[in-house]
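Shown below, as structure tokens, is a lone chain in the form predicted on its own; questions about how it binds or moves come after it.
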Amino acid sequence: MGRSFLEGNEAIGWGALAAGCNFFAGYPITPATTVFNTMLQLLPPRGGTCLQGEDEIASIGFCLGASMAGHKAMTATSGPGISLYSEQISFAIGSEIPLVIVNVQRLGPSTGSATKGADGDIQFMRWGSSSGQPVIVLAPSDVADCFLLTMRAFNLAETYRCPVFVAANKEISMTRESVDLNALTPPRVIGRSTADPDKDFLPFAVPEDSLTPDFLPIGGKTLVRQTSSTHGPDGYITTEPELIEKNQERLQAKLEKEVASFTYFQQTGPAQGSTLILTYGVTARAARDAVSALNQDGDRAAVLDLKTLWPVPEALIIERSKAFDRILVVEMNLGQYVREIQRILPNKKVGFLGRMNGELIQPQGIREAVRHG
């Protein structure tokens, strides 16, 4: 594309296209609608499909069906839509259906303020299914991130056969920035591992060197069985405790044991000092401005901008926090991810700065929290 003046939602669409997305379904909702608009412009001329469902539930259902047929699928919504997605997210987890879900967060609860940003869905994305099983959540902080992390989201969905969230925010998604997509270094595009269609196929059996089943599409010459119920490797419903337990443990392990391989982050400032500001999303930009001013004044502070939120990259957080006296978690809510930091750093002083009133957290407020916290 060369240098363009793009909003985050447009960059998400271009990232999806670069990753091989060929199916999108959604329902208009502020501030996610321009993801839909972008996909409507990009997919049909290239032989892809873009649909508007009659509601959010139908839209994500279309995506699950398309993914089971072998397409790379994406949907996009905001808070009320994410709530409606919940059961289908559970289906995608349990039946191991690759899907990218863009959640352009806005101020809640419920309808909230459709034109105000927040990061109020952070815990919901992790725990908003009926299983408690893990999902992957990536958080962009600028337009370039929107492009690159969307590509990574597709790679992860295909690799681990799971739903992957791109946790954007109204302020990132609807703000335009000048960005040269051609100057970025995109990841290699990955597809899901396919089984040999000429051999006996068990839809949920895993190879010896993997925790993720190989894939064959529904509708091909090989019979593929899918179910949303507890099942064994053959896909038949089961109530056998041993089979259920083995599958549940595998669903958990295939992500939590591998999180180090998809831990994305950006650290700014000194490698050791008084305060490590741990944040994500658009707030990371204010934190970087705050750290620049703090260090000019002699306060040794740094920012750890987490781009992988779930599963929690515990090893990274523990390692990067060792050389700092205290941790300050800054997020646009009343305290959600800070609970994870308190859990994994029980011997550290962990402070918190939050806001959920539709206004961005400003660098000045972060500086004051560092100096007086």
Partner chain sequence: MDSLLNTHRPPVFCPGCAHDKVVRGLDKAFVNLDLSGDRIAIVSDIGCSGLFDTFFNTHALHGLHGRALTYATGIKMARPDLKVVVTMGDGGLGIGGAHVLSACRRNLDLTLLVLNNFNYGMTGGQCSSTTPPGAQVGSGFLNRLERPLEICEVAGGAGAPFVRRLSSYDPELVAVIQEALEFDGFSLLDIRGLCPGRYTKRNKQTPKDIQAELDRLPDLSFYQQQNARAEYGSHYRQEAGRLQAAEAPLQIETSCTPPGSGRQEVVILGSAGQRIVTAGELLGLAGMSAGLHATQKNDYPITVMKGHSISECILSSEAIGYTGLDAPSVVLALGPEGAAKRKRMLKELPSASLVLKAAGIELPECKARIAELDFKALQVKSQDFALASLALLAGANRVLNLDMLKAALHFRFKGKALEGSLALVERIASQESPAFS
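Positions refer to the first chain, counted from 1. Please read these numbers as outputs of a predicted model, since none were measured by experiment.
Beyond the structure shown, there is the form predicted together with its partner chain, which is absent from this document and is the topic of what follows.
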> Hey, in the predicted complex, is residue 273 touching its partner chain, heavy atoms inside 4.5 Å?
Replying inline: no
>> Taking its partner chain as it sits in the predicted complex, is residue 224 near enough to touch it, meaning that at least one heavy atom pair lies within 4.5 angstroms?
In response: yes
>> Whether residue 370 contacts its partner chain in the predicted complex should be assessed with a 4.5 Å heavy atom distance threshold; does it?
In response: no
> Is there any non-hydrogen atom of residue 205 lying within 4.5 Å of its partner chain in the predicted complex?
Replying inline: no
>> Using a 4.5 Å heavy atom cut-off, which residue among 220, 109, 132, 241 comes into contact with its partner chain in the predicted complex?
In response: 220
> 341, 68, 309, 29: which sits within 4.5 Å of its partner chain in the predicted complex by any heavy atom?
Replying inline: 68
> So which of 323 to 331, 344 to 352, 309 to 317, 59 to 67 is the stretch with heavy atoms within 4.5 Å of its partner chain in the predicted complex?
Replying inline: 59 to 67
>> Under the 4.5 Å heavy atom criterion, name the residues of 340 to 373 that approach its partner chain in the predicted complex, in sequence order.
In response: 359, 360, 361, 362, 363
